[in-house]
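A single chain, nothing else alongside it, follows as C-alpha coordinates in the form predicted on its own.
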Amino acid sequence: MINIDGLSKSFGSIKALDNLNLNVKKGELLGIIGPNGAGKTTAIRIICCILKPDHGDVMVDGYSIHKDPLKIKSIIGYLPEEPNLYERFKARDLLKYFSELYGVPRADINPRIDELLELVGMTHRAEDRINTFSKGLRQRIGIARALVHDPKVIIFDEPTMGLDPATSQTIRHFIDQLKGDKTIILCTHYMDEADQLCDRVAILNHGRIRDMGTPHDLKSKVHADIILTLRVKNPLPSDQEAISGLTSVEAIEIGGDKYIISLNSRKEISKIIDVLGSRVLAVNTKEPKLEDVFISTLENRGMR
(Lines give C-alpha, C1' and ligand atoms only; values in the text may rest on other atoms or scores of the structure.)
Protein backbone atom coordinates (compact mmCIF):
# COMPACT_ATOMS: atom_id res chain seq x y z
CA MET A 1 0.00 0.00 0.00
CA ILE A 2 2.84 2.39 0.90
CA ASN A 3 6.33 1.86 -0.52
CA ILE A 4 9.12 4.20 0.59
CA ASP A 5 12.19 3.88 -1.61
CA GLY A 6 15.53 5.54 -0.84
CA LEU A 7 14.03 8.60 0.82
CA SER A 8 16.51 11.31 1.86
CA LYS A 9 15.89 14.79 3.20
CA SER A 10 18.24 17.36 4.71
CA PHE A 11 17.64 20.71 6.36
CA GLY A 12 20.92 22.56 5.92
CA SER A 13 23.61 20.41 7.53
CA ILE A 14 21.05 18.23 9.35
CA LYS A 15 20.15 14.98 7.59
CA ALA A 16 16.60 14.16 8.70
CA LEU A 17 16.19 11.09 6.45
CA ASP A 18 19.06 8.98 5.15
CA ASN A 19 18.09 6.59 2.33
CA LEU A 20 14.96 5.45 4.15
CA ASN A 21 13.30 2.28 2.86
CA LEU A 22 10.01 1.02 4.28
CA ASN A 23 6.89 -0.85 3.15
CA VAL A 24 3.46 -0.72 4.77
CA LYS A 25 0.99 -3.45 3.84
CA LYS A 26 -2.65 -2.84 3.00
CA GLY A 27 -4.75 -2.93 6.17
CA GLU A 28 -1.68 -2.89 8.42
CA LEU A 29 -1.14 -0.64 11.42
CA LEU A 30 2.55 0.21 11.41
CA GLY A 31 4.05 2.01 14.37
CA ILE A 32 7.11 4.23 13.99
CA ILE A 33 9.01 4.93 17.20
CA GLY A 34 12.21 6.88 17.71
CA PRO A 35 13.81 9.64 19.77
CA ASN A 36 13.24 13.31 19.08
CA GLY A 37 14.86 14.26 15.80
CA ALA A 38 14.81 10.70 14.44
CA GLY A 39 12.99 11.76 11.26
CA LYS A 40 9.47 10.51 12.03
CA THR A 41 7.56 13.70 11.30
CA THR A 42 9.70 14.48 8.25
CA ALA A 43 8.91 11.06 6.79
CA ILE A 44 5.16 11.34 7.24
CA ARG A 45 5.04 14.91 5.94
CA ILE A 46 6.73 13.67 2.78
CA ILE A 47 4.24 10.78 2.49
CA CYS A 48 1.42 13.34 2.83
CA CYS A 49 3.00 15.48 0.07
CA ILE A 50 3.56 18.41 2.44
CA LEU A 51 7.37 18.25 2.03
CA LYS A 52 9.42 17.23 -0.97
CA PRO A 53 12.36 14.84 -0.50
CA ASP A 54 15.85 15.54 -1.78
CA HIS A 55 16.02 12.01 -3.18
CA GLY A 56 13.82 8.95 -3.42
CA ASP A 57 10.13 8.32 -3.95
CA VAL A 58 7.03 7.18 -2.12
CA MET A 59 4.26 5.18 -3.77
CA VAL A 60 0.86 5.28 -2.07
CA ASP A 61 -1.67 2.85 -3.55
CA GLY A 62 0.32 2.93 -6.78
CA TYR A 63 0.62 6.73 -6.97
CA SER A 64 3.94 8.62 -6.79
CA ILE A 65 4.44 11.64 -4.55
CA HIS A 66 6.26 13.28 -7.49
CA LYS A 67 3.67 12.60 -10.20
CA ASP A 68 0.37 12.35 -8.31
CA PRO A 69 0.48 14.49 -5.13
CA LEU A 70 -3.17 15.59 -5.39
CA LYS A 71 -4.36 12.01 -5.81
CA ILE A 72 -2.32 10.92 -2.79
CA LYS A 73 -3.74 13.76 -0.68
CA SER A 74 -7.24 12.58 -1.61
CA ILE A 75 -6.65 9.08 -0.20
CA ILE A 76 -4.75 10.05 2.97
CA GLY A 77 -6.17 11.31 6.24
CA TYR A 78 -3.55 13.05 8.40
CA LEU A 79 -3.73 14.00 12.07
CA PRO A 80 -0.67 16.07 13.04
CA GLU A 81 0.48 16.34 16.65
CA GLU A 82 -1.20 19.75 16.91
CA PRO A 83 -4.30 19.73 14.63
CA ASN A 84 -4.70 23.10 12.93
CA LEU A 85 -8.43 23.57 13.49
CA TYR A 86 -10.36 26.74 12.64
CA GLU A 87 -11.31 27.74 16.15
CA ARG A 88 -14.31 29.94 15.33
CA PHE A 89 -16.02 27.10 13.46
CA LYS A 90 -18.57 24.92 15.16
CA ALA A 91 -17.58 21.25 15.16
CA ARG A 92 -20.23 20.24 12.61
CA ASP A 93 -19.45 23.21 10.36
CA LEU A 94 -15.74 22.38 10.42
CA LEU A 95 -16.41 18.80 9.31
CA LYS A 96 -18.80 20.04 6.62
CA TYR A 97 -16.19 22.48 5.32
CA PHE A 98 -13.56 19.75 4.98
CA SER A 99 -16.08 17.33 3.49
CA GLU A 100 -16.78 19.83 0.72
CA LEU A 101 -13.07 20.56 0.33
CA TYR A 102 -12.39 16.86 -0.27
CA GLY A 103 -15.28 16.52 -2.70
CA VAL A 104 -17.52 14.29 -0.62
CA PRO A 105 -20.86 13.96 -2.49
CA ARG A 106 -23.36 16.46 -1.06
CA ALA A 107 -25.93 13.78 -0.23
CA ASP A 108 -23.33 11.88 1.82
CA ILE A 109 -21.99 14.78 3.88
CA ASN A 110 -24.50 15.00 6.74
CA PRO A 111 -24.80 11.22 7.28
CA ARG A 112 -21.00 10.97 7.22
CA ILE A 113 -20.60 13.78 9.76
CA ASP A 114 -23.21 12.20 12.06
CA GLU A 115 -21.36 8.87 11.85
CA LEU A 116 -18.00 10.46 12.66
CA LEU A 117 -19.32 12.56 15.54
CA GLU A 118 -20.76 9.41 17.06
CA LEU A 119 -17.50 7.52 16.48
CA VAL A 120 -15.46 10.09 18.40
CA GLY A 121 -18.11 10.70 21.06
CA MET A 122 -18.77 14.31 20.09
CA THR A 123 -22.42 14.29 19.00
CA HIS A 124 -23.39 16.35 22.05
CA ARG A 125 -20.80 19.05 21.17
CA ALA A 126 -21.58 19.25 17.44
CA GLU A 127 -22.89 22.83 17.64
CA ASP A 128 -20.15 24.12 19.95
CA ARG A 129 -17.22 26.19 18.69
CA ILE A 130 -13.76 24.64 18.49
CA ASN A 131 -12.29 27.36 20.73
CA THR A 132 -14.35 26.00 23.64
CA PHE A 133 -12.79 22.52 23.39
CA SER A 134 -10.03 21.04 25.54
CA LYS A 135 -6.95 19.52 23.90
CA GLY A 136 -8.50 16.06 24.14
CA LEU A 137 -11.74 17.16 22.46
CA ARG A 138 -9.75 18.89 19.72
CA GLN A 139 -7.93 15.62 19.08
CA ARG A 140 -11.28 13.87 18.71
CA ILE A 141 -12.48 16.42 16.18
CA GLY A 142 -9.07 16.19 14.49
CA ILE A 143 -9.59 12.45 14.02
CA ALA A 144 -13.07 13.05 12.59
CA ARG A 145 -11.66 15.67 10.22
CA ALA A 146 -8.98 13.21 9.03
CA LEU A 147 -11.73 10.69 8.24
CA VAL A 148 -14.33 12.87 6.50
CA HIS A 149 -13.38 11.69 3.00
CA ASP A 150 -13.16 8.02 4.02
CA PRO A 151 -9.42 7.78 3.20
CA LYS A 152 -7.66 4.50 2.47
CA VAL A 153 -4.63 5.59 4.52
CA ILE A 154 -4.57 7.35 7.90
CA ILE A 155 -1.46 8.83 9.48
CA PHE A 156 -1.36 9.77 13.15
CA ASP A 157 1.53 11.84 14.50
CA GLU A 158 1.68 11.61 18.31
CA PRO A 159 -2.13 11.50 18.68
CA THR A 160 -2.07 11.13 22.49
CA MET A 161 0.82 13.47 23.31
CA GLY A 162 -0.02 15.61 26.34
CA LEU A 163 -3.42 14.03 26.97
CA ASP A 164 -4.63 12.67 30.29
CA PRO A 165 -4.71 8.85 30.67
CA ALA A 166 -8.48 8.52 30.20
CA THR A 167 -8.54 10.64 27.02
CA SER A 168 -5.45 8.83 25.69
CA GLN A 169 -7.19 5.50 26.13
CA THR A 170 -10.25 6.84 24.29
CA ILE A 171 -8.10 7.96 21.35
CA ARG A 172 -6.37 4.57 21.27
CA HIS A 173 -9.78 2.92 21.17
CA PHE A 174 -10.74 5.00 18.12
CA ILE A 175 -7.52 3.98 16.37
CA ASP A 176 -8.03 0.33 17.28
CA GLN A 177 -11.51 0.44 15.72
CA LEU A 178 -9.97 1.51 12.40
CA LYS A 179 -7.49 -1.40 12.22
CA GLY A 180 -7.89 -3.71 9.26
CA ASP A 181 -10.31 -1.42 7.43
CA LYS A 182 -7.64 1.26 6.91
CA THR A 183 -3.90 1.28 6.36
CA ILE A 184 -2.49 3.20 9.32
CA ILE A 185 0.85 4.72 10.28
CA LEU A 186 1.16 5.68 13.94
CA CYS A 187 4.12 7.77 15.12
CA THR A 188 4.42 7.70 18.88
CA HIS A 189 6.81 8.16 21.79
CA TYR A 190 4.72 5.84 23.96
CA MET A 191 6.06 2.30 23.82
CA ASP A 192 2.99 0.79 25.50
CA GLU A 193 0.81 2.47 22.87
CA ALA A 194 2.83 0.93 20.04
CA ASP A 195 2.82 -2.45 21.78
CA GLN A 196 -0.94 -2.34 22.31
CA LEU A 197 -2.02 -1.17 18.85
CA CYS A 198 0.54 -2.01 16.18
CA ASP A 199 0.84 -5.01 13.87
CA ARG A 200 4.50 -4.11 13.27
CA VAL A 201 6.82 -1.53 14.75
CA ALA A 202 9.75 0.23 13.06
CA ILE A 203 12.48 1.77 15.20
CA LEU A 204 13.74 4.91 13.44
CA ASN A 205 16.84 6.90 14.32
CA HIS A 206 19.04 9.31 12.40
CA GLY A 207 16.74 8.92 9.41
CA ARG A 208 17.04 5.15 9.03
CA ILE A 209 15.17 2.06 10.19
CA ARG A 210 17.29 0.37 12.85
CA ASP A 211 14.98 -2.56 13.58
CA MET A 212 11.48 -3.68 12.65
CA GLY A 213 9.06 -6.48 13.45
CA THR A 214 5.95 -7.39 15.38
CA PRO A 215 5.96 -6.21 19.00
CA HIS A 216 6.31 -9.85 20.08
CA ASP A 217 9.25 -10.52 17.76
CA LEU A 218 11.03 -7.36 18.83
CA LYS A 219 10.58 -8.12 22.53
CA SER A 220 11.90 -11.65 21.99
CA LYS A 221 15.24 -10.09 20.99
CA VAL A 222 15.79 -9.06 24.58
CA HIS A 223 16.54 -12.78 25.22
CA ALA A 224 14.84 -12.78 28.57
CA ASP A 225 11.57 -13.79 30.18
CA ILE A 226 12.27 -11.68 33.27
CA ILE A 227 14.35 -8.54 33.81
CA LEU A 228 15.63 -8.26 37.38
CA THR A 229 16.87 -4.87 38.57
CA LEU A 230 18.81 -4.66 41.82
CA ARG A 231 20.21 -1.67 43.65
CA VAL A 232 23.29 -2.75 45.57
CA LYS A 233 25.36 -1.15 48.32
CA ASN A 234 29.12 -1.32 47.77
CA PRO A 235 29.20 -3.21 44.42
CA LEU A 236 32.14 -5.64 44.15
CA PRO A 237 34.13 -6.59 41.04
CA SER A 238 33.40 -10.26 41.79
CA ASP A 239 29.60 -9.77 41.69
CA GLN A 240 29.25 -10.00 37.92
CA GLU A 241 31.27 -13.23 37.68
CA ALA A 242 29.30 -14.85 40.51
CA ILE A 243 25.91 -13.91 39.05
CA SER A 244 26.83 -14.77 35.44
CA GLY A 245 27.63 -18.32 36.52
CA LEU A 246 23.98 -19.09 37.31
CA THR A 247 22.19 -21.08 34.60
CA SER A 248 19.14 -18.80 34.23
CA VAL A 249 21.19 -15.64 33.64
CA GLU A 250 21.21 -14.52 30.00
CA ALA A 251 22.96 -11.17 30.45
CA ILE A 252 23.94 -8.68 33.12
CA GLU A 253 24.53 -4.93 32.91
CA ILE A 254 26.12 -3.02 35.79
CA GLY A 255 25.90 0.74 36.06
CA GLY A 256 27.00 2.29 39.34
CA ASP A 257 24.98 0.65 42.09
CA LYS A 258 22.36 -0.76 39.70
CA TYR A 259 22.47 -4.32 38.32
CA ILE A 260 20.11 -5.16 35.43
CA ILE A 261 19.95 -8.93 34.92
CA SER A 262 18.14 -10.73 32.09
CA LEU A 263 16.81 -14.14 33.16
CA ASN A 264 15.14 -16.99 31.30
CA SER A 265 13.20 -17.96 34.43
CA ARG A 266 12.44 -16.78 37.96
CA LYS A 267 13.86 -19.86 39.65
CA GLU A 268 17.27 -18.39 40.57
CA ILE A 269 16.22 -14.90 41.68
CA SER A 270 16.62 -15.94 45.31
CA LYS A 271 20.11 -17.32 44.57
CA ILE A 272 21.14 -14.00 43.01
CA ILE A 273 19.93 -12.14 46.09
CA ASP A 274 21.78 -14.63 48.30
CA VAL A 275 25.01 -13.98 46.37
CA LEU A 276 24.74 -10.25 47.10
CA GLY A 277 23.45 -10.75 50.62
CA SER A 278 22.62 -7.79 52.81
CA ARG A 279 24.09 -5.38 50.26
CA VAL A 280 20.82 -5.58 48.25
CA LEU A 281 18.92 -2.33 48.83
CA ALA A 282 16.06 -2.71 46.35
CA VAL A 283 14.62 -5.40 44.04
CA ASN A 284 12.38 -5.01 40.99
CA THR A 285 11.24 -7.54 38.39
CA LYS A 286 9.39 -7.03 35.11
CA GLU A 287 8.72 -8.74 31.81
CA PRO A 288 10.54 -7.32 28.75
CA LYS A 289 8.78 -4.38 27.12
CA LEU A 290 9.11 -2.63 23.79
CA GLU A 291 10.92 0.15 25.65
CA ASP A 292 13.71 -2.30 26.52
CA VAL A 293 14.11 -3.20 22.83
CA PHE A 294 14.11 0.47 21.85
CA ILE A 295 16.80 1.41 24.36
CA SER A 296 18.87 -1.67 23.55
CA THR A 297 18.71 -0.94 19.80
CA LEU A 298 19.99 2.60 20.28
CA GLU A 299 22.68 1.55 22.76
CA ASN A 300 23.94 -1.31 20.59
CA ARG A 301 24.34 1.08 17.67
CA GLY A 302 25.85 3.84 19.80
CA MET A 303 23.02 6.24 18.97
CA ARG A 304 21.77 7.50 22.30
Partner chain sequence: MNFITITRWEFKNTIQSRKFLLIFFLQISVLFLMLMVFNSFAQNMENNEALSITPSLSGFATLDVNDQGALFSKRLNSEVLNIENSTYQQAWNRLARGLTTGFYSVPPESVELVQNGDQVETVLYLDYRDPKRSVVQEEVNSTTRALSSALTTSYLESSRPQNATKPPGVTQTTSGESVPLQIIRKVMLAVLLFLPLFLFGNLIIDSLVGEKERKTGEILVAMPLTSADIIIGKSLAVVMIMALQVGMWMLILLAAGFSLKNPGFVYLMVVLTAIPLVGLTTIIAAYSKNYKEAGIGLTFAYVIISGILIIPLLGYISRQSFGANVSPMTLVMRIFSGEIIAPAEILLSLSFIVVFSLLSYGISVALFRRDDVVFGPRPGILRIILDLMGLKRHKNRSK
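Source: prediction; values computed, not measured. Numbering follows the first chain given and starts at 1.
We do not show the form predicted in complex with the partner chain, though everything after this point is about it.
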item	value
Close approach of residue 190 to the partner chain in the predicted bound form, 4.5 Å, heavy atom	no
Close approach of residue 140 to the partner chain in the predicted bound form, 4.5 Å, heavy atom	no
Non-hydrogen atom contact residue 88 with the partner chain in the predicted bound form at 4.5 angstroms	yes
Interface membership of residue 151, the partner chain in the predicted bound form, 4.5 Å heavy atom rule	no
Candidate stretches 253-261, 268-276, 26-34, 44-52 - the one whose heavy atoms come within 4.5 Å of the partner chain in the predicted bound form	44-52
Contact assignment for the partner chain in the predicted bound form, among 73, 206, 219, 172, heavy atom within 4.5 Å	73
Contact residue in the predicted bound form, from 125, 112, 96, 182 (heavy atom within 4.5 Å of the partner chain)	96
Partner contacts for 122-153, taking the partner chain in the predicted bound form and a 4.5 Å heavy atom cut-off	145
